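Next up is one chain by itself, shown in structure tokens, the form predicted on its own.
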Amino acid sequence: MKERGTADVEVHPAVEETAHQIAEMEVRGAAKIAETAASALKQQAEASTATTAETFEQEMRLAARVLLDTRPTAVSLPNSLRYIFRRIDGESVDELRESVITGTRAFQNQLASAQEELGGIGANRLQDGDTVLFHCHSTDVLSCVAAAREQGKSIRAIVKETRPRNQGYITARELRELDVPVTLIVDGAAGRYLEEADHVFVGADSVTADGAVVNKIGTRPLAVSARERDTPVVVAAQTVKLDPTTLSGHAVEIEMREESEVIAADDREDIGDIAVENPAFDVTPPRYVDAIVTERGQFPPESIVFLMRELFGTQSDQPWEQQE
């Protein structure tokens, strides 16, 4: 793939492969997506044969846009690229390349420590003997449970299957590896089992400036039901998942995935003329969320905007856009 208006700017195959893996959910989870995208950008820089700084910068912008086209709701991806682009500096290709490599390593180190720090904070919300209901799969959420187990707390888990891709199976397996007793339920049974839950723990693909949580489809109705039963809803989300574009009123784009995830082709043909929609995420308003746990502390959802401004300022840049 080449950038429009240039004859010698191409994307490295590693970037194309990473984009494919993210789009097909072979790489999943916001933190993993961010780390993998950053690594691909680093590979682009390392392999570049650009002879001028201008061409090198064009290559980096094009590589970033290829990665960005894969998962529009996963805000951790553009945040990882913003982190690196803000650190690109130099006059020569070698200086620019080294700044990308250094920036990527710094970002990956930050990610590595962030999840452990978040887990320790989230574990403080869990008491010995608690029962927790889980939706989908989140490494941030699992880090909270892992930290609680290290503290010697006994935790019982109720895990929703999380259709249509059944990410709940991953959560169930990883909880069993932590020696947590697991009850797996179908999505429609969540209301019944909320009576047994002390907490609902969910992750986030992004958190907006007003404290709304964008997460796997089904999060919102679960949070609404939990509020009716006074069951606290805790969102575990690293700061890389905060969406700085919403500071300026940018609307969240919800990814629509292939209908084949919902219904097989033969079944669809047998039913007849129907429309099939498969939204990957929904948006949970802040009034249904009790706390957002990050590596910087836990916040009421209405206060997350102050952390966002501290981290990103009042505007979000898009340095990968083509320069005139």
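Residue numbers run from 1 along the displayed sequence. Predicted model only: the values in this text are computed from it and were never measured.
Below: the form predicted together with a small molecule, not depicted.
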In the model of the complex, does Asp205 have a heavy atom within 4.5 Å of the small molecule? yes
Contact between Arg61 and the small molecule in the model of the complex at 4.5 Å, heavy atoms? no
Check whether Lys42 has any heavy atom within 4.5 Å of a heavy atom of the small molecule in the model of the complex, and answer yes or no. no
With heavy atoms only and a cut-off of 4.5 Å, decide whether Arg65 touches the small molecule in the model of the complex. no
Looking at heavy atoms inside 4.5 Å, which stretch does the small molecule contact in the model of the complex, given the options 271-279, 292-300, 44-52, 31-39? 31-39
